[in-house]
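Quick setup: one chain, the form predicted alone, written in structure tokens, and binding and motion questions come after.
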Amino acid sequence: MTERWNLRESYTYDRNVIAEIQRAANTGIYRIRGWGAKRELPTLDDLVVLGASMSRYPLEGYREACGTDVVIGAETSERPVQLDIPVTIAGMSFGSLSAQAKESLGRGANAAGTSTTTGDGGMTPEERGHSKTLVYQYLPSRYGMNPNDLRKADAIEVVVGQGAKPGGGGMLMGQKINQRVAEMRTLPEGIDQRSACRHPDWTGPDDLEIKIIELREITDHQVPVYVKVGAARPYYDTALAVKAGADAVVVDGMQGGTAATQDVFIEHVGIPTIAAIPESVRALQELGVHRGSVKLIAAGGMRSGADVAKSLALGADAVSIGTAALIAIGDNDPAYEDDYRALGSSAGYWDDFQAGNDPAGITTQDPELASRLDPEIGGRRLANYLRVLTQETQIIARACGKSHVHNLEPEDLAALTVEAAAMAKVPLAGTTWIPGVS
């Protein structure tokens, strides 16, 4: 009999690969899930910050001011977006999220002095009522879109793509399409919904320019217009968005999460956030608008103040969080461990956002489950988290001698791996070598 310790698992066909092949063979259906990429990817953790000592002079923590404000659309809009902090809440739809979750996001963003975003499916009174600054997403699906809500928004975000699925449309499973969701999206109840992967009324950047002009006319030139792209070809997409007239470009790396899409998209399409930011910055610099009239918002796997600071040092003006915000308001809460186990998972591992049976009441339309989330408590938790992110960003900026977080720069960074140095275009730690550049 072969002893167990003599068995060797295949690297190419490990137990997870084998299980997925068997699942696909048994069902004939590709896997759909939420969350984000689970494979190991280069991240902002592969960069370190070079704090000041002798060659640079640090600021005294908490005594010397370090600004965190961001202004978007000052050159084009009567009411530019003015944020107190450089962290925003990404678009996550009512439908994929419960009304309580949307209200929590609005409350938390409002308390921290930043914006939240509607997502696909339209604007809810809960979110508008508790959000001082609400960005209205204009998506290919047009679900829930109407000019009246556009005029209620504080900014408009034209979504061309998402980091979790560049080139792919959104999904909402039938079990989450209740009467209210169906009415807002003009869909039948209980039927799976697939959003389009491209906007129906334009075929390229010239048409996008016309659309942005139309959106400005609808809103009487009151509010800024963003363009969001999934990170695949960020240099070209950023340049085209600027040419089309965007006030801000949101570049979403492949570590970005989603409520539901094909697993093969999440794990294999797009490029990491650490590689996307410098490419977008390069486009903005060549067009002469970086840190000027067009702002760059980076998204995709942001978790800590260190991630924020490093993103700003690479050239972003702000970052956007989605999955981290859901965790802050209670997603994968260990308090519901028994419920997660009943679903065949565990707190911290559960990713079936599409299923509609979220024990924490966040990614569900089940009234009983959704009632578990108290929007006031969820909002306070999110506000606390946003404040911590901002304080951590300031701590790092002061350590580099910066009186504003936007003064962070690539010279404040070094890379720990050759791959990170090449992607971020900063030197490998202890050297002056930037692979592919110097």
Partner chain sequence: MTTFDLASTTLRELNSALHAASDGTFTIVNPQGAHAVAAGIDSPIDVTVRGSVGYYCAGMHQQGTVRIEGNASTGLAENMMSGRVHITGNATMSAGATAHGGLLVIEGNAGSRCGISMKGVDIVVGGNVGHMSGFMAQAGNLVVLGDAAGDLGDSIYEAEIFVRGSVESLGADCIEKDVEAEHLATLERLIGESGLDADPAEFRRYGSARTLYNFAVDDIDAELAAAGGAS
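Residue numbers count along the first chain shown, from 1. Since the structure is predicted, the reported quantities are computational estimates derived from the model, not experimental observations.
There is another form of the same protein, the form predicted together with its partner chain; it is not shown, and what comes next is about it.
Student: Ok, 129, 147, 348, 292: which has a heavy atom sitting within 4.5 Å of its partner chain in the predicted complex?
Tutor: Only one option qualifies, and that one is 147.
Student: Here the chain is shown alone; which of 71, 210, 335, 343 has a heavy atom within 4.5 Å of its partner chain in the predicted complex?
Tutor: Exactly one listed residue reaches within 4.5 Å, namely 210.
Student: Whether residue 62 contacts its partner chain in the predicted complex should be assessed with a 4.5 Å heavy atom distance threshold; does it?
Tutor: Heavy-atom contact with its partner chain at 4.5 Å: absent for residue 62.
Student: Tell me, yes or no, whether residue 192 is in contact with its partner chain in the predicted complex, where a contact means a heavy atom of each within 4.5 Å.
Tutor: Yes - in the predicted complex, heavy atoms of residue 192 and its partner chain come within 4.5 Å of each other.
Student: Wondering, does residue 275 line up within 4.5 Å of its partner chain in the predicted complex on heavy atoms?
Tutor: No, no contact at 4.5 Å.
Student: Closest heavy atom of residue 303 to its partner chain in the predicted complex, within 4.5 Å or not?
Tutor: Output for residue 303 is no: heavy atoms all beyond 4.5 Å of its partner chain.
Student: Specify the contacting stretch among 303 to 311, 87 to 95, 360 to 368, 170 to 178, defined as having any heavy atom within 4.5 Å of its partner chain in the predicted complex.
Tutor: Going by heavy atoms within 4.5 Å, the stretch is 170 to 178.
Student: Using heavy atoms and a 4.5 Å cut-off, decide whether 372, 375 and 395 all contact its partner chain in the predicted complex.
Tutor: Not a single residue of the candidate spot has a heavy atom within 4.5 Å of its partner chain in the predicted complex.
Student: Using a 4.5 Å heavy atom cutoff, which residues in 111 to 143 contact its partner chain in the predicted complex? It's fine if the answer is none.
Tutor: Contacts from 111 to 143: 138, 141, 142, 143.
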